[in-house]
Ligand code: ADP
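Take a look at this single chain, the form predicted alone, given in structure tokens.
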């Protein structure tokens, strides 16, 4: 008899920002081959998802991936949290996206998310030594050299691990603030982008344990003249990608303008510290869109403008956003509004 170690991963009930949880289940390989990953339970009273007198919550597998840390045949099992009766738990934001995705499937939406994050040791980003702050921004973005780049070993191990897990990571780069990085997920479909982003976040945090490095998704990890951290969300529908789709992109921007504050409400806690109108952002109280404008709320990429079709980039979501909520809101506004 051989065993498979299955790491069950889910989102907890903490608000305003959910956290990742996981635990290991030992599965019989033959049973796993016949039935797949089974449902499991956990103590919701320890994750802000239940009270002690009725603490059982259900983990329902929705995505299985190769575990790149333990290696094959071991697996990662992303789960939705359900109530004991099988209904979605109130903290289950993926369940809402499932519903919205079913109602908009005819538009064939694609998403890509650019996840920025900051690497910390203790209370300081990696670039901040005990002697004080690093030099001002400028040389760090896509830089090379130990005086400009901090944490590359973790970042590159994360990239390789995510690809081994079967995640569609399309790139990585060092970001504008020292100690800050980005990876990109997609383009993929509606549910896939959220699933893969959460699995990629879990892998990054799990590998950070090995290096003694913490991963911050704070929208403004360092106050002052430093860039914040976002999760720019690239979005298109079939109509946007067809010839002449630029008009559909522009119409979508007009719809997003009307619902601006509804989007901000689900685009990440603390985003007001990042969306100031400085450091490649538009003010949180304003909305504008433009071609190749990284200071806009919505950027229309230059290739979309030149080709007359393509996608838009929503630059408002913060690094700590829940992709299930962001994707659901984009679909509701653009496709159902």
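Positions refer to the first chain, counted from 1. Quick caveat, the model's predicted, so the values are computed rather than measured.
The same protein also exists as the form predicted in complex with the ligand; that form is not shown, yet it is the one meant from here on.
| message | Partner absent here, but in the predicted complex, which of 182-190, 84-92, 254-262, 97-105 has residues with a heavy atom within 4.5 Å of the ligand? | response | That would be stretch 182-190.
| Heavy atom within 4.5 Å of the ligand in the predicted complex - residue from 74, 241, 164, 148 | It is 241.
| query | Would residue 129 sit within 4.5 Å of the ligand in the predicted complex, counting heavy atoms only? | reply | Close contact is absent here: in the predicted complex, residue 129 is far from the ligand, nothing within 4.5 Å, heavy atoms only.
| query | Does at least one non-hydrogen atom of residue 278 fall within 4.5 angstroms of the ligand in the predicted complex? | reply | Looking in the predicted complex, residue contacts with the ligand do not include residue 278, since no heavy atom lies within 4.5 Å.
| message | So in the predicted complex, is the ligand close enough to residue 195 to count as touching (4.5 Å, heavy atoms)? | response | Outside the cut-off, so no.
| query | in the predicted complex, does residue 299 have a heavy atom within 4.5 Å of the ligand? | reply | Yes, residue 299 is a contact residue.
| Heavy atom within 4.5 Å of the ligand in the predicted complex: which residues of 101-119 qualify? | Result: 110, 111, 112, 113, 114.
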